[in-house]
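Take a look at this single chain in structure tokens; it is the form predicted on its own.
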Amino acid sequence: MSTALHPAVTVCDHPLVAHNLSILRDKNTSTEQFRATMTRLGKFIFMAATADLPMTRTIVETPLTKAECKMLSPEVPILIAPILRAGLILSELAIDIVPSASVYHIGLYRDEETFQPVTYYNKLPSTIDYSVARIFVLDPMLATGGSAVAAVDIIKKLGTDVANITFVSIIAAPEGIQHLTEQHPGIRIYTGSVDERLNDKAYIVPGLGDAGDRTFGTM
């Protein structure tokens, strides 16, 4: 089940989403448990985000007879674009769910003085038909929206319509949603929660801390 609070935003509304979010928010959750919980929760959100992938009909032979089935369209490339480094935990579960997808990393970090994104890595290929591709940008936190905007800027320059780009996060701040949707009208956002606000250090409140540090045990 999902709930739309903003035209561009779908908040995944499910008891297990709420349960796992509570574990992630708890400062006493261990790195091992945090990582496992992030994976469980991410699966719920990514499944929702991929619900309208293009399908094609095919005929398969079962042990008993022939059956008409639906499969993902082979004509539509699916790209998973995690924002390094925190997005890595979501890319692992995404490729498990859609093994036919390709994963291309986008390296961005936030300047701690200006809070602006700095690009240091981009492996998106030039050989894919971006006019029809479905691209999922993954980052557990949509805070200021700076990194999200920068990543989508990169993808759009390759020829992708913003309607085919979906941003997937675990939690989001209203400021990040506003910034991303203003800069890229038509983008879709799937998340587990829209939190209250950003603090003066641009961290999401109540949030869950630094998702990258808590995932990889580098606090």
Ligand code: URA
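Each residue number is its position in the shown sequence, starting from 1. No experiment lies behind these values; they were computed from the predicted model shown.
This next part talks about the form predicted together with the ligand, which is not shown.
A single residue from the set 24, 9, 204, 17 has any heavy atom within 4.5 angstroms of the ligand in the predicted complex; that residue is 204.
This chain is displayed without the ligand, yet in the predicted complex the stretch 136-144 from 123-131, 136-144, 71-79, 94-102 comes within 4.5 Å of it by heavy atoms. Looking at residue 210, you'd find a heavy atom of it within 4.5 angstroms of the ligand in the predicted complex.
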